[in-house]
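First comes one chain, alone, set out as structure tokens in the form predicted on its own.
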Amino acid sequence: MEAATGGAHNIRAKARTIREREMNAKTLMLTSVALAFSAVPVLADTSGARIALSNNYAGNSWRQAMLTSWETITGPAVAAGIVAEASAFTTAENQATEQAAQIQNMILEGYDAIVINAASPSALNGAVKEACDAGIVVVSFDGIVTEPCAWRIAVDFKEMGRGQVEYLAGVLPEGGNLLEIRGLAGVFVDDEISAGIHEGVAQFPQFSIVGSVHGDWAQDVAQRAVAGILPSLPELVGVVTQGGDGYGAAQAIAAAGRDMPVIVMGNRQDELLWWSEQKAANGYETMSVSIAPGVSTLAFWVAQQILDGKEVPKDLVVPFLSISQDTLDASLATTPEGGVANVEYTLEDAVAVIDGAM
């Protein structure tokens, strides 16, 4: 009887120990989850927020990658209840008037924040001011707006242009003739990069720009434009670009049977692949630079944080993404076919950028 009683006592003791262990494990798990959520600076304030992306143009691989990045980051954010909606809209034409009308529609539809890649730095200011007056948070990126009520996220596009000429001065110290391929006419980014390129030529006067064409940041457009101007140009030592145009320029120059100059690339996969092939075949050397398409995801998180009550400076500057001869292979390996070398931002990344700017 005593043995039976002792056995039952031992069983009950073991059961208590198991329950205590289970409770401790559950407590530890819940504590870990709580700590994980407390590390993410999101309040419940934005769970019902609706954010819209207003995009003025989608006619090249960079813009397509930008939209894909937006979906990649915002989809899970909506699913997790961080925001209620994060829809993307692109105008049919790259016209400021059309984008202004799009923004006005977003105001009427009651969005809490509008993230804008703008067709013009100033032509949208009226619509942006209307949005701000309606209590809507407006965050512009890449193609930024100058309306003071809006936030702006950009790289130093002038430096991106000037740095290309500085690089060429390092590999071609004697200088020579350059062809400039510009982006989409009338867009802030095009004007800024071109201004930087001309500043670079003023700094390194051994170079001369002997021709300029608009490639619209698209390989096919750039190829046609370069093919059209080549017969009127002297020998070229370099081609300065804005992104999405390097491979098209190379194709046009090769088809014309001319010596291949140093073409600055723009982080597109076809450019990197061509560069890699030329590097393997004859030691071809250049560099590549562009703004990462994933800057759209930074703009999304910045808008979310502003809605969440975080103090955010009106102007945020992010570094451009450069690829060198040494990092080419690794960058190419992680860039999808038809895509662009990219960096996407998490909420924690965005908070770090904001805090760093403060």
Partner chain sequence: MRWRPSPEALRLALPVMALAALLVSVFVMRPNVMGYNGLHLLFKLGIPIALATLAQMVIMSVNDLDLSMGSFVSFVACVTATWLVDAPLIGALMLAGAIAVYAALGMVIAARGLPSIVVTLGMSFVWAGLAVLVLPTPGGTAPGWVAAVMGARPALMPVGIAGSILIAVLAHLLIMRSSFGVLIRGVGGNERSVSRAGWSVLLARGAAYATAATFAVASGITLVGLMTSADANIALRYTLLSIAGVILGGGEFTGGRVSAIGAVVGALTLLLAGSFLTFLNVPPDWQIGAQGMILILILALRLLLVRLERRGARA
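The shown structure was predicted, so the numbers you read here are calculated from the model rather than taken from an experiment. Residue numbers count along the first chain shown, from 1.
The form predicted in complex with its partner chain is left out here; the points below concern that form.
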>> Using a 4.5 angstroms cut-off on non-hydrogen atoms, would Ile209 count as touching its partner chain in the predicted bound form?
In response: no
> Contact between Gly126 and its partner chain in the predicted bound form at 4.5 Å, heavy atoms?
Replying inline: yes
> Any chance Ser120 has a heavy atom within 4.5 Å of its partner chain in the predicted bound form?
Replying inline: yes
>> Check Ala101 for me: does it contact its partner chain in the predicted bound form (non-hydrogen atoms, 4.5 angstroms)?
In response: yes
> Just one of Asn177, Gln251, Asn105, Thr72 has a heavy atom within 4.5 Å of its partner chain in the predicted bound form. Which one?
Replying inline: Asn105
> Pick from Glu277, Glu166, Asp259, Glu109: which has a non-hydrogen atom within 4.5 Å of its partner chain in the predicted bound form?
Replying inline: Glu109
>> What I'd like checked is whether Ala92, Gln95 and Glu130 together line its partner chain in the predicted bound form, meaning each has a non-hydrogen atom within 4.5 Å of it.
In response: yes
> For the chain seen here without its partner, which of 251-259, 212-220, 84-92, 198-206 has a heavy atom within 4.5 Å of its partner chain in the predicted bound form?
Replying inline: 84-92
> Heavy atom within 4.5 Å of its partner chain in the predicted bound form: which residues of 305-330 qualify?
Replying inline: none
